[in-house]
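This document starts with one chain, in the form predicted on its own, laid out as C-alpha cells.
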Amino acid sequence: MASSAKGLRVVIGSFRVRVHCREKSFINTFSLLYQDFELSRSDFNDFHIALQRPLNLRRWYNRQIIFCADGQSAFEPFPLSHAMPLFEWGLNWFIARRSHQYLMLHAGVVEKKGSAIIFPALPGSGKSTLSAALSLRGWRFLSDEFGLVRASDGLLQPLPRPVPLKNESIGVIRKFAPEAIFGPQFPKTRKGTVAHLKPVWSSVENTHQLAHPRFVIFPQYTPGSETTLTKVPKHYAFLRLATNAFNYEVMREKGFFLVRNIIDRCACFNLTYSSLDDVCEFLDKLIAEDEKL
C-alpha cells in the first residue's frame, strides 16, 4: 500500500480518510493492518489526518509525534513509537465529533445470517475481545467501538477496523486463533500494552452491506463463570443503550426514537461469560434458533 506526497486516501467504513505520515514504522504497520481496505479515488475526504514530528527539539531528542486534524494539532504529543495507537484513537475522536448523521453507540457489532448483535458496554467488559473472537469464527465484524446507526432508517453501518486489544486480551486471542494477524505490540500506552488485530478480509470486503439489528446483548466477562444469557426488560435495555450512545443528547428527539426503535425490534439480554469457545458456540446456537422462528 503506497502513498503519494499528499497522503494516502483510504475508505474506512463509510468514511474517506486522507492519512499523511512519513514515519517508516507507522507506514509499515498501517500497510499491514489496512492492506485489504479500498483506496479512494475521490478528491473529497471526510477526514484529513497528518501524523508528524513537532517542530522543536523533541523532533530529534526524546522523539515524539503529534496528531493533526485538518491542519490543527488535536492532542498532546505521543512518543514516536506510539504513532499507530495515536492514529486509531485520533480517528475515534474525529468520528465522535463529526459523525452525527449516525447515532453512535459505544458498542461492538457483529452479524451472522442477516442478524446483527449489538454489544453495548463500558471499557473492561470484554466487548472488543468478544467481537474479535466472533469475527475469527465466521461472523461478520462491523465494529468493536462504534455501532453506527443510520438516522434515515435505523440500519447499522459497518465500520470494520483493526481491533486494539489490550494487555491480557492480546494473548487470549492469540491462543484462541493462532492464525490471527496482529500488528506490533505497543507497551506503556495510556491504556497499557496494545496490539491491533487485523480485521478479517471478508468483513472489510462487505463494508457497504448494511446490517439489521436483531439482538442487544450487554456482555460482561467474569473469570470462571458459565456462559449465561438473561433476558432484560425493555425499559432497562433502553436506558443502558442510551447511556452507551456517544451522541444521544446531541441528537435529541431523533436519538430517542432511534434507541426506542432498536429496543422495539431487538431481543435484549445480559450476557456473562468467561470462555470464548463456549460463548461463540452459544451465540451460534442463538442465531440458528432465531433463524427457525
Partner chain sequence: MDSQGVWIIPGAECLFIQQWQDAAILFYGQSGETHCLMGLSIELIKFLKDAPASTAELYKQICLQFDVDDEKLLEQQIEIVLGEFKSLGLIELLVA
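Computed from a prediction, not measured in an experiment: that's the story for all the values here. Positions refer to the first chain, counted from 1.
As for the form predicted together with the partner chain, it is not shown, yet the points below apply to it.
In summary, among the residues Phe246, Phe37, Phe26, Phe238, the only one with a non-hydrogen atom within 4.5 Å of the partner chain in the predicted complex is Phe238. The three marked residues, Lys234, Phe257 and Arg260, each reach the partner chain in the predicted complex, with a heavy atom inside 4.5 Å. In the predicted complex, the partner chain sits beyond 4.5 Å of every heavy atom of Arg63. In the predicted complex, Asp70 stays away from the partner chain, with no heavy atom inside 4.5 Å.
The closest heavy atom approach of Asp43 to the partner chain in the predicted complex falls outside 4.5 Å. Residue contact check for Asp264: one or more of its heavy atoms lie within 4.5 Å of the partner chain in the predicted complex.
Listed stretches are 43-51, 27-35, 221-229, 247-255; the contact stretch with the partner chain in the predicted complex is 247-255, by a heavy atom cutoff of 4.5 Å.
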